[in-house]
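So this first bit is one chain, no partners, the form predicted on its own, shown in structure tokens.
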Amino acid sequence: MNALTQYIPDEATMLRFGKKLAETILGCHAKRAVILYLNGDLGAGKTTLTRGMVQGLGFQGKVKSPTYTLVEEYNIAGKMIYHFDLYRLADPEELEFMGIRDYFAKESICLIEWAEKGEDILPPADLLVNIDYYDDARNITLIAQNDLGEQILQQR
């Protein structure tokens, strides 16, 4: 599968990258949920990237990490974006109790932080988004996991 790496020197660049990624995903006209696993250490910029995506599509409010609520929902121009943070998840079965499968049954964008904590419950990602520290900056690597992921990379 293909991959794309982008150097991100600062927060403003991360926000612009998020906006462009969200626009690209919408441009693919997927007829199902588009699933991104956001991978990176604490403080790497996963929520900042999400903020860039959500606000880049026109959301005016505050975008915060759903560390305690597990999911934040955004309805933007008729499209649902779900931001999951599974960092505090004690047991993957908790996802079943919250009706996790319903989120993936719609035409939506699902952004999942700490996806490994929901192993065997979560559907596979279309795109892995790996955020790594690089001195005082970041590198983001997008890795396609299937045909839809490939389509997103090709549109970038």
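Since this is a predicted model, take the numbers as computed values, not measurements. We call the rigid core whatever largest set of C-alpha positions still superposes within 1.5 Å between the two forms. Numbering starts at 1 and runs along the sequence shown.
One more form of this protein exists, namely the form predicted together with a small molecule; it is left out here, but the text below deals with it.
The closest non-hydrogen atom of residue 138 lies within 4.5 Å of the small molecule in the predicted bound form.
When the small molecule is considered in the predicted bound form, residue 93 lies well away from it, no heavy atom lying within 4.5 Å. Although the partner is absent here, residue 103 sits far enough away that none of its heavy atoms falls within 4.5 Å of the small molecule in the predicted bound form. The small molecule is not drawn, but in the predicted bound form it has no heavy atom within 4.5 Å of residue 147. The stretch from 118-126, 36-44, 103-111, 53-61 that comes within 4.5 Å of the small molecule in the predicted bound form, counting heavy atoms only, is 36-44.
When two forms of a protein are overlaid on their rigid core, residues whose CA moves 2 Å or more are considered shifted, and residue 133 is not one of them between this form and the one not shown.
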